[in-house]
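Below sits a lone chain in structure tokens, taken as the form predicted on its own.
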């Protein structure tokens, strides 16, 4: 990115999506989605299977480009700069807009080195790495559980701890936005609660975008809900408004489980 010279105003969006369309062959996966993500917020993206949720969130940091055959049209503006513009480095985009996937992807190395992985790639000095890893583990809610054993293999951690370690790894490079693609779907209820607590803390500082199939989870942790159906944004608004007083019949059918 170009130094982030154009920082958003206090109320302006960090991410602004405009007319986003993703096409595979002749089929539209996303169709003209327009949506803003304000600072210090958690937006839950919900919808039925196959509605385009994962594709949508992967367009927000250009991860979608790793899937052959997809064509992206429209704008995704990060603090005023189109991330798909000419000369924009996708590696820098993904540093500012991090991502955590459905299943934990820890590497066969120590807890510390997993958290430090992104920092090593950009050749940060050791003192910077030490400080950033500690801070990231604290923010991810994992520090107290691992601080005495940072040299232990990350593969020895529980599934929930591994997912929080993945969150710490994303946080270590100091992103402004964190994308979470169904991060608790493979976890038990106790681990899910810990990850949700982490999300609630993080949304006080950065922008979170959560893809979830779980309406109850959206109700628990999000500030806003965006409902997708067949690649289109049907409804977006404050969580209570969308989930308790939906304006569109499709939204009501989804949240009440009455889809045919």
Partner chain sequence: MRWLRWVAALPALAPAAILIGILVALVGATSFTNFGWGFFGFHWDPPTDQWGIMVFLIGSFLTAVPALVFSMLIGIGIAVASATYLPGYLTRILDPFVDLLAGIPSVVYGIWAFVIVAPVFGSVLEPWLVMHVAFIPGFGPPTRTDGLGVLISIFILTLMALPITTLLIRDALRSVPRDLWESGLALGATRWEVVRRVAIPYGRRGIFSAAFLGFGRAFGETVAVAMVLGAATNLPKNVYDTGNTVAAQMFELLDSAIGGTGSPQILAALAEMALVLLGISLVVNVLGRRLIASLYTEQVQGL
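Positions refer to the first chain, counted from 1. The structure displayed is predicted, hence computed values, not measured ones.
Not on display, but discussed next: the form predicted in complex with its partner chain.
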| property | result |
| --- | --- |
| Contact at 66, 97 and 170 by its partner chain in the predicted complex, all three, heavy atom at most 4.5 Å | yes |
| Selected contact from 105, 185, 110, 158, since only one has a non-hydrogen atom within 4.5 angstroms of its partner chain in the predicted complex | 105 |
| Candidate from 194, 229, 224, 58 lying within 4.5 Å of its partner chain in the predicted complex - any heavy atom | 58 |
| Its partner chain contact in the predicted complex: residue 101, any heavy atom under 4.5 Å | yes |
| Heavy atom of residue 121 within 4.5 Å of its partner chain in the predicted complex | yes |
| 4.5 angstroms heavy atom contact with its partner chain in the predicted complex for residue 117 | yes |
| Distance check, residue 190 to its partner chain in the predicted complex, heavy atom within 4.5 Å | no |
| Answer range among 42-50, 230-238, 209-217, 66-74 for contact with its partner chain, defined in the predicted complex as heavy atoms within 4.5 Å | 66-74 |
